[in-house]
Every structure is written in structure tokens, then in C-alpha cells.
Ligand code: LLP
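The chain below stands alone and is given as C-alpha cells, in the form predicted alone.
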Amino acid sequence: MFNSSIRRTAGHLFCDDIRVADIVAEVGTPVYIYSLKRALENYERIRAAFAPLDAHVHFSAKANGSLAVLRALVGAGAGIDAVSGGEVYLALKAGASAENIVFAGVGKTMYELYFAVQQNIGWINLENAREAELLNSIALTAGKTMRVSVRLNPEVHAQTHPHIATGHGGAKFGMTADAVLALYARRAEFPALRFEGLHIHIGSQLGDVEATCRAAQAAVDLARALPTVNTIDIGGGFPVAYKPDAAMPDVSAFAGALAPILAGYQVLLEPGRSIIADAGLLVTRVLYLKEQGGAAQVIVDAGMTDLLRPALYDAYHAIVPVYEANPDAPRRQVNVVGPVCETTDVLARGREIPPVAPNDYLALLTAGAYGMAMSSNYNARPRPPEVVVEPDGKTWRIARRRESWDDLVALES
């Protein structure tokens, strides 16, 4: 049992009530498979934990932009956190109301801001004074008033990988408290903007609750000097256990610690990974086995173009056989590598796995977040399909077809 949806029975790997091998037999590999049931359970767990604060959950679309995933979560009551105009577009396509979309991002273009204004997006998170000037001009021209949060950089170092820490002083994200106060003092210059919120997000895979509490306290302390601010957006970052023995704080620990700090404010959340990561897996086929230089290489048909995280962050994903006849078979230490023409195309290094042979199938677990969302066509590799197992756990469908070679040139002339 890996979780309530991804489990093994009689040697076979299941996604809810569907044998993964049955999906692969029809769809091929590589393929992403998501349990919508598990994603909805994770969403409800977070919503319930923060219910005492009456917090509203906005799913972070950057984690997984599949319309099938977005529609399921929107249907369950989630809003959407978007960090580009394209993600705003996806959110609207998925049925999210404009009011329930938060538009964040450190480098929004004029066109993206214009689109957000035209769509009456509920919240726009400002990252700098020039952005406020540009948004105000666009909104005035459109005859609209936009509700904004200012992203505070609380200068808090999160216990996480340095590539996904965003709240320290040297990060490109947000504004210092002094800069926020200076911008707020100029609010009369921005008649088309309603300064109602402060936004913080100190990083992903947060390893402790204390840093998040310090950031939230910094936001509340600042908000007390900003009379029109009634909302604190604490971002996301709730961690996921990629390794079975990883000790990670539960979302309820965050909720309990934050409740007394945020009392009296409307609270927004922007979780992504903690909703969809463990609801997804990437299935790949063994192509070849190679022994050289004292290392055993298992070459598979998925690579860094399908799942970039191991190459980008040296991230860990558990790798298990889709069918395991003998769970007591001796493990062997191998490198699981992809077909991309890059030395860094390694999905797992020095990993102990059961014996495998060409044409066996392996599953990379906890791959629902930042997998397909970061995929590419490097080496002219078509991207894999996405399959969803419906919330009933008994039916599945192809939510996004596999790309073809024709797709690689479809936009060229």
C-alpha cells in the first residue's frame, strides 16, 4: 500500500480499482496516470484542516495544468492559483469563476495583465511598484477596479531545497516590508486598484511549520499598518513524502499553528503538490540493460523530457515494478536512465530495485506534480499522454492524447 489509491494487490500495481498494466496495454508508455479520487481526498483534507479559519483553497495550476484535474478540483469547490496568463486561460477553460482565480507571478506582461483585467480576475498579486502602475493604467482604460494583494518577501529562510525557496532576502519574489509600505503610501496614485491583501509564499516542500509561522506573523504585523488590508494569502508549500520513511509535517500541523496568527483575516491558500503529487504516477518500459564501468544501467523509455525533477533538483521518486511476482526477490543496485542525449538524464542513481528485463514496466511514484507540467519536446520527443482514473475509482479515460511526430512540426511553416 503506497496510499489509499496507489496500491499493490496480488503482485499487480493498481490505481484505485484499475490495474495499471491494463491501462498500459491500451495506451503504451511512457504515460502519466492520475487518481482523481486521491486528488479530491487530498483537497478535502487541506480544506478541512483550515476550516476553522474559513480559508479558501486555490489549487496551484503550475503543479499540474491538466484540464481533467483542474475541472475535478473546481467542481469540488477549489479556486485556481495561476502564475501566467496561460494558466488563467486554463483555469477559465476548466470552469473556474474569474472571482476564484488568483493571478500571481513575478514577471507578468502587459498583455497578461490586460487579459486578467478583461476577465475580472478576483485577485492580482503585485510584485513591484512598476507592475502596480501598469495594472492601474490598464484598469483605468478598461473602466474597471481590480482587487490586489502585494507580495511580501518576509526574508524568511525555509527549510527546503534552495532551488524552491522563495522567501529569503535574495529571492526574486516579492517586496520587502519597507517597499510594501512605500507602495501602500502611494495608493492614491492608483485609483483603479483596491489594496486589500498581502501575499506570502516562502517555498515548496516546507520542512517545518515554524518558518511558515514566522512569515505569516510578518505579514500580519505589516497588515496592521495597512488599514485596507483584510486578507492574508499564505501561498502553499505543504510538503509531500517522496520517500516512505520521510518525516514531514502534516497539513493539520500548519493549520493549527497558523490559526491564532491569522485569526480575524480572510485567508487564502495555494497548495499544488500536496493535492496532486501522490495521486499521480509515470509508467515507463524497460528498453535495455547495460553493464559497464562497474555500474548497472536500466535504460527506460521515459526520461528528463517526461519527468525533469530528478535532473533539475536531484529529486527522488520511488520506482516500483508494475507487476512484482516475488516481493522477496533480492534487490540490485542500478541506475535507471532515460533515452535523452544528456548525461543528466538519470531518473534514479544507485537505486535498489527488483530484477528487471526488457519490456518490463516500472512506475515512478508521487509524480503527479511538476511532471507533465515541466515536460518538453527536447530531442524531438513527443510528450506522453495523461490518463485519469475517475473519482468513482472504477473507470478511466485518456485526458490528453500522446503527441505524434506530426505535432512536433504543427506550428512551423
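Values in this document were obtained by computation on a predicted structure and should not be read as measured data. Each residue number is its position in the shown sequence, starting from 1.
The form predicted in complex with this ligand is left out here; the points below concern that form.
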Examine residue 62 and determine whether its closest non-hydrogen atom to this ligand in the predicted complex is within 4.5 angstroms.
yes
Wondering, does residue 235 line up within 4.5 Å of this ligand in the predicted complex on heavy atoms?
yes
Quick one: is residue 370 in contact with this ligand in the predicted complex, heavy atoms, 4.5 Å cut-off?
yes
Does at least one non-hydrogen atom of residue 313 fall within 4.5 angstroms of this ligand in the predicted complex?
yes
The one residue among 285, 147, 187, 309 placing a heavy atom within 4.5 Å of this ligand in the predicted complex is 309
Note which of 356, 374, 40, 346 lies within 4.5 Å of this ligand in the predicted complex, where distance is taken over heavy atoms; exactly one does.
374
So which of 236-244, 133-141, 220-228, 111-119 is the stretch with heavy atoms within 4.5 Å of this ligand in the predicted complex?
236-244
Residues of stretch 187-211 in contact with this ligand in the predicted complex (4.5 Å, non-hydrogen atom)
199, 201, 204, 205
